[in-house]
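Take a look at this one chain, the form predicted on its own, written out in structure tokens.
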């Protein structure tokens, strides 16, 4: 891939002309990696084809290549390939058909069970496992592994879609997967060969000027403050509206409105409000 393509891919990621020069500082050898990253899109339509032999193992190896805090490796993954199991998981994860369609559904879990056993093996207390820090660490480890797995799948020409709805019915999913104490599903990733007749587009993200703070948090006190942020968000509403129009998606609320609705009530959490209780039931007695 020619280096000149990188700026156009970045422009596509933001859905508009960027206000920075995207030339990069490295050689052209890394451009294939950048291309994979910049062209990520959520694929929700898959062909009914099994993955080639060894694909799961390659994806998991890539996942295990992700950074892990103190090399504690506080995550595990459950691979669902059986159609009946994927159907059950789909029902529990927002009843989403793309999970049923995909030949592989990976459920990434925060896993403190392994360290619980390691601690007992050496006759130690494992008191640190009772603190919120360890659950956060396990969730971050799982997230990093899941991102690596997704990138690996896309590098292999496959498509992927995350499923945060793995937390919609956390107790029921834990029972179905037979998760041991101190293991909880945090998200899923559906993987398969994309259906070329239903190609997904690259969805624009918030402008960098809204998410990047240099050196310290930029409150904008001397630069317009809240008005600056309001302008950034209005700009993004317009950009995303243009994207949705191009995708022939009618009646989609503005991003700010949709986001506000997503957090408006307990019901907006789609069942995830019980997660704290489920964590306690699963032995995550967090302090």
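Residue numbers count along the first chain shown, from 1. The model shown is predicted, which means the values in this text are computed figures rather than measured ones.
If you look for the form predicted together with a small molecule, you will not find it shown, but the lines that follow are about it.
**Student:** Just to confirm, with a 4.5 Å cut-off on non-hydrogen atoms, which of 139, 119, 208, 96 contacts the small molecule in the predicted complex?
**Tutor:** Only one option qualifies, and that one is 96.
**Student:** Could you work out which of 77, 161, 104, 151 is the residue within 4.5 angstroms of the small molecule in the predicted complex, going by heavy atoms?
**Tutor:** None of the others qualify; the residue that does is 161.
**Student:** Residues in which of 227 to 235, 37 to 45, 51 to 59, 64 to 72 have heavy atoms within 4.5 Å of the small molecule in the predicted complex?
**Tutor:** Contact criterion met by 37 to 45 only.
**Student:** Please determine whether residue 134 contacts the small molecule in the predicted complex, using a 4.5 Å cut-off between heavy atoms.
**Tutor:** No - in the predicted complex, heavy atoms of residue 134 and the small molecule never come within 4.5 Å of each other.
**Student:** Under a 4.5 Å heavy atom criterion, is residue 114 part of the interface with the small molecule in the predicted complex?
**Tutor:** No, residue 114 is distant from the partner.
**Student:** I'd like to check something about residue 85: if you look in the predicted complex, is any of its heavy atoms closer than or equal to 4.5 Å to a heavy atom of the small molecule?
**Tutor:** Residue 85: no contact with the small molecule in the predicted complex.
**Student:** Is residue 100 close enough to touch the small molecule in the predicted complex, meaning at least one heavy atom pair within 4.5 Å?
**Tutor:** Judged by the heavy-atom cut-off of 4.5 Å, residue 100 is well away from the small molecule in the predicted complex.
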